[in-house]
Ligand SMILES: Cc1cc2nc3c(=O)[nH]c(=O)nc-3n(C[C@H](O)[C@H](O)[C@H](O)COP(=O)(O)OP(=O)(O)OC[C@H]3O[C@@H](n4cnc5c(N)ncnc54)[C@H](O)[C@@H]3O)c2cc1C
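One chain is shown next in structure tokens, namely the form predicted on its own.
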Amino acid sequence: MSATTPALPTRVRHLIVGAGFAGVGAAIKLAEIGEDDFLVVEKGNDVGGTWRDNTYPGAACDVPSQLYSFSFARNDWSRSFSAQPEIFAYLQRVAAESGTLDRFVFDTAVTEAAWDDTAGEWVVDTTAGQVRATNLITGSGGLSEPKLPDIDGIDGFDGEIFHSARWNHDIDLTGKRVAVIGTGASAIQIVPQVQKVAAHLDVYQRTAPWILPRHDRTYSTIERLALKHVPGLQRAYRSAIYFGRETYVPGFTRFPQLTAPAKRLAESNIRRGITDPELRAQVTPDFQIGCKRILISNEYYPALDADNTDLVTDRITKITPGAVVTEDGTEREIDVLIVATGFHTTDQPIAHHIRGRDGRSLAEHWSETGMASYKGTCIAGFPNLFQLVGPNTGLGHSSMVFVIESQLAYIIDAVRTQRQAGWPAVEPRPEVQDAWNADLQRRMQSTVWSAGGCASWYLDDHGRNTTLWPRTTISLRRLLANFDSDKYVITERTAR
């Protein structure tokens, strides 16, 4: 796609950053209301975001396919939980069929976006030049920038080393001694694939996750035909999955005793996948289920139980040119080091590149209080900035595509209101934003994420959960249904 992308214009009404689910959705929804003066800039060479970049063996979604897709763009899914290639192809198709790809510019990263208060617009510097925009819509996502571990000597490792999100497909792991650092969502998909081909595999676990069985299956031909052609059937599948997932929320947010059946299922998954009692004990978490992200896999525990795999729970102290050394003094020689240590979620990289009315970056604002916004979408002091997948919009139970669509409804209504009222700029009132976040943090105190006895990537350096939404997604969609202009500061028009 990048070969046919247009040159960068000098000014647009709407500039969208990122071309994953959020960016593609924003482009489609703006076009639907006749707001055709927009541009999408993407640092990668294609649409897809997370699903373009994460190509590691076994990469797949842990949300059912029927729910992890746009409600307005149906797809003939091949299975109940889709793998990375199928989701990537889906996004490519949706973008191509939307008629908006002529306004996507690839291989273009934003280096700085600064609000010009005099002109009433954003001045955005990119690797392809400068563009000015009335509205800035960021869809760069919370899982876009890999986080590398801070381990002594890692830069001096002589073998092959790469992050799970930057998989090196030129490296053949067959017969190699491989180490995987991390036991999160990516790691539990990678480990079974590596175990099948490696001569030996060391898995370094800091914290054991709770893992439920993955109830995945291939759709039969008859089922696929029915889903494609029977009116309302796919919508019914999607609704059943959605409301089933919503039943998890009370256990996460108010009544932890409701998670007991899930815990028993996870414990059964351990017993079924591992025969060694000592190893079973090592992989059994000591915190309440749901406190950290619940994972799903049928293959991870058997891979750990295999003869060519060792689970290492001792802390890593350093990495030498050819080995990993743990605090007990053991030195384990390896050929390849795979780091599956997650992403910058509570310190979003794009926040360092966006400067508001006072000249300070979003990251500087958030360094004092932690990530905070109004309705996860707009931020005081940053006029006409709309953030998709912003603070406290993450989920521990359902589909982020549902959240993105909910935010898009809010943003589109804001854009429509701006246009009809002739407002040059809007931003939430500081006291409104403060009250919103105070309520979020108050609600968060009773959740399993705050009181479940674990430390997770949901928490920032202040110990605040600025990542997850502590209520149902039904309530989130209701709160984002309409743009509440009475909660905003409306900037008067200024002469250019």
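For every residue, the number given is its place in the sequence shown, counted from 1. The shown structure was predicted, so the numbers you read here are calculated from the model rather than taken from an experiment.
Quick note: we don't show the form predicted in complex with this ligand, though the next part is all about it.
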Practice task
Using heavy atoms only and a 4.5 Å cut-off, determine which of 469, 458, 38, 68 is in contact with this ligand in the predicted bound form.
Solution key: 68
Problem - in the predicted bound form, the one of 43, 443, 462, 429 near this ligand [non-hydrogen atom within 4.5 angstroms] - result: 43
Problem - Candidate site 17, 20 and 109: all three near this ligand in the predicted bound form by heavy atom within 4.5 Å - result: yes
Handout entry: Interface membership of residue 434, this ligand in the predicted bound form, 4.5 Å heavy atom rule
Key = no
Handout entry: Contact test in the predicted bound form: residue 63 vs this ligand, heavy atoms, 4.5 Å
Key = yes
Exercise for the section: Using the partner position in the predicted bound form, report whether residue 406 sits within 4.5 Å of this ligand, counting heavy atoms only. Expected result: no
Handout entry: residue 376 within 4.5 Å of this ligand in the predicted bound form, heavy atoms
Key = no
Handout entry: Answer range among 435-443, 55-63, 448-456, 29-37 for contact with this ligand, defined in the predicted bound form as heavy atoms within 4.5 Å
Key = 55-63
